[in-house]
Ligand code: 5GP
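Just the one chain here, laid out as structure tokens, in the form predicted alone.
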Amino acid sequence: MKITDDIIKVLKAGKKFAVAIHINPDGDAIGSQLAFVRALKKMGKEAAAYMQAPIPDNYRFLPGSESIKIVDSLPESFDTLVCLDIPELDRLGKFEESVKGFKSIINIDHHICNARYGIVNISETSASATAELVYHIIKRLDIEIDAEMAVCLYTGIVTDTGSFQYRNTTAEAHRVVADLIENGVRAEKVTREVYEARNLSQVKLLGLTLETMSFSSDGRISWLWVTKKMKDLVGSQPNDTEGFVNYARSVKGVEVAVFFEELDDANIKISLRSKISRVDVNKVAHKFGGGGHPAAAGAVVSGTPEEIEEMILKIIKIEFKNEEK
């Protein structure tokens, strides 16, 4: 994977870096962020990681997670903003208002819908995860990847590939992971921390969610719901619904899975997954202002639950018909 000279020059020339990730961050975003900040500090730079909400419990084991700064806006004292796993600036949430205060923006991402908004853009859709791109940038900088950085990068790749189950699992991803394991990653520990340390509210919420599972008449589409009432009933915590869409996806015969979640602001968060190459769920999400990858995408939509469910399912069915022509 080729890393251009442009980003190397900007990273070497910069002095103060704020590193930001998207709202509702996943393992790829958080792992990439922590590894990147550590690499910048190894270069002798001033660098800090910023988020808008506390890190999800299952990622608190990552080295450096305790140093992440939780703020409502990015500080103006930094000259360079590094955006990781952020295809479009509106995915910064409240941080978007702070962008104009930076002299330069570095955009590192692997989504197909990337808007290339930086002075330097590393947008490589063939990468399994943003963490894979960060790995190659660190290598290009001739910085040693220590055990702490390795576990962060490994977590990013393993979560964004669905534990190496998704189509974005490439030979290159396995080569990178092999190197990370040789640099100190204990794969079983990451698996235990990320996937086998669920809090009780999450398990209870999953039970309620599975009861909502529905299917199209041909069994090719499956969908799940989480309502605010369900979350209140179990005392749900932020990010409790991470990965719920995969339960619908895992059913035999299902080709496209949808997860609907009622948010506190009355909007509906939609997560889409596709098991087949014929249906590009990124196209579906894009129609609602969202995006992602052909096999995994999402959006936040305004409207009543009934209206949104009907619209999403209708568009997915149209995509099936279009691909069959």
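Just so it is clear, the model here is predicted, and its values are computed rather than measured. For every residue, the number given is its place in the sequence shown, counted from 1.
Beyond what is shown, the protein has a form predicted together with guanosine-5'-monophosphate; the following relates to that form.
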Could you tell me if Ile68 has a non-hydrogen atom within 4.5 Å of guanosine-5'-monophosphate in the predicted bound form? no
Using a 4.5 Å heavy atom cut-off, state whether Val258 contacts guanosine-5'-monophosphate in the predicted bound form. no
Does any heavy atom of Ser274 come within 4.5 Å of a heavy atom of guanosine-5'-monophosphate in the predicted bound form? no
Though only this chain appears here, would Ala53 touch guanosine-5'-monophosphate in the predicted bound form if you measure heavy atom gaps against 4.5 Å? no
When guanosine-5'-monophosphate is placed as it is in the predicted bound form, which of 291-299, 31-39, 58-66, 44-52 ends up with heavy atoms within 4.5 Å of it? 291-299
Decide if the three candidate residues Arg220, Lys283 and Lys314 all line guanosine-5'-monophosphate in the predicted bound form, where lining means a heavy atom within 4.5 Å. no
Across 66-103, the residues having a non-hydrogen atom within 4.5 Å of guanosine-5'-monophosphate in the predicted bound form turn out to be Glu88, Arg91
